[in-house]
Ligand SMILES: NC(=O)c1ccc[n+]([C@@H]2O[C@H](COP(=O)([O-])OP(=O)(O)OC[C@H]3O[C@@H](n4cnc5c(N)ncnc54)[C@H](O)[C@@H]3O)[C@@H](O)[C@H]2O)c1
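Listed next as structure tokens is one chain, alone, in the form predicted on its own.
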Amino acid sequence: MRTVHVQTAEPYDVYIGADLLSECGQIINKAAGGSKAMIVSDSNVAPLYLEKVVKSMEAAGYECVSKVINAGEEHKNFATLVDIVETAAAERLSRKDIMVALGGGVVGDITGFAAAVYMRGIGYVQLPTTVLAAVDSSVGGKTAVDLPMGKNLAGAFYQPKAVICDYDCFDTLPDRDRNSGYAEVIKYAMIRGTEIFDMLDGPVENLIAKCITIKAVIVSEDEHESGVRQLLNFGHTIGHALEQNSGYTMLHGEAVARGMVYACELAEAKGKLAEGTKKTLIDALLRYNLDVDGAFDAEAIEGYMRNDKKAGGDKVNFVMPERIGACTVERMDIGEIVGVINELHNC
């Protein structure tokens, strides 16, 4: 088992290893305490892992209750959030008790937000079951739900008590979901970790630990995304707009993959991208069958970008790549971003 420490205002550890769900109860007890736990999962993950988690937590002395929500980004909304919070109240969870997020990014985001608002904040633990959640969304304390106008527009920064990543869970992922998660792995290579490209064929434990270590350092420097943490949004400004415009038929990682390529094209058009950078990125994405091109609805994408939480007026904080392992954040005109990309894909 590997451990990565996250030094935020309320520090915690990320545990990475095989079959950790079987011993998660002891780890959670030590990290979060409490006597009662509400385990939130979704309709895809619960049949696979909920029983194992309950068994481990009961063995560690917890009284467990379960809440299974519908799977899918379209259910990451206020209706589901209220359902979770009302269930916690009906089950009489106290401020000393905890919530446990068992699932991918949607479950982690919404459970964290529920924990942040229930009784003005109770402890919670992340048990990510996807590559994407393991390397990215479970760490750093970003919690949220989506609004019709945009992704993650309502939420809170609220750190977990622990993150327990059992990479055996990846074995049950459909290929498309696993590949989608690797878009976030490649993102880390682009912003900070050039050696990640050389680790893709190595042990998954080392790859996850490397990505989480990069994120832990960034989050420790900038917990509330006022500076360097914005680099973690590479590919996401356009990606979120693509994802939402697809009605969430496009997976998050698939949208981010195209968003990263478009960001490289924009940087290339402005003469800021080192030679070979875009090719290295595209080659890595194609390795995981991630589409790097497709229809670009300029009008719709521009509308969604204007509702991005990083936007203000006609401008948005945009992560601009310069070379592998180095990006900067620029305040850019949204119309210019969309116009350049649209021109490139309509010529």
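Small disclaimer: the values here were computed from a predicted structure and weren't measured. Position 1 is the first residue in the sequence shown; the rest follow in order.
The following text describes the form predicted together with the ligand, which does not appear among the structures shown.
Q: Given the stretches 269-277, 200-208, 101-109, 114-122, which is the single one in contact with the ligand in the predicted bound form, using a heavy atom cutoff of 4.5 Å?
A: Result for this chain: 101-109.
Q: Does any part of residue 320 reach within 4.5 Å of the ligand in the predicted bound form? Heavy atoms only, please.
A: Because no heavy atom of residue 320 falls inside 4.5 Å of the ligand in the predicted bound form, the answer is no.
Q: Please check if residue 227 has a heavy atom lying within 4.5 Å of any heavy atom of the ligand in the predicted bound form.
A: No, residue 227 is distant from the partner.
Q: In the predicted bound form, does residue 265 have a heavy atom within 4.5 Å of the ligand?
A: Output for residue 265 is no: heavy atoms all beyond 4.5 Å of the ligand.
Q: With the cut-off set at 4.5 Å between non-hydrogen atoms, does residue 91 touch the ligand in the predicted bound form?
A: Output for residue 91 is no: heavy atoms all beyond 4.5 Å of the ligand.
Q: Please identify the residue among 62, 288, 304, 49 with any heavy atom within 4.5 Å of the ligand in the predicted bound form.
A: Of the candidates 62, 288, 304, 49, 49 is the one lying within 4.5 Å of the ligand in the predicted bound form.
Q: Using a 4.5 Å heavy atom cut-off, which residue among 161, 258, 215, 192 comes into contact with the ligand in the predicted bound form?
A: Result of the distance check: 215.
Q: From first to last in sequence, which residues of 65-85 have any non-hydrogen atom within 4.5 angstroms of the ligand in the predicted bound form?
A: Result: 71, 73, 76.
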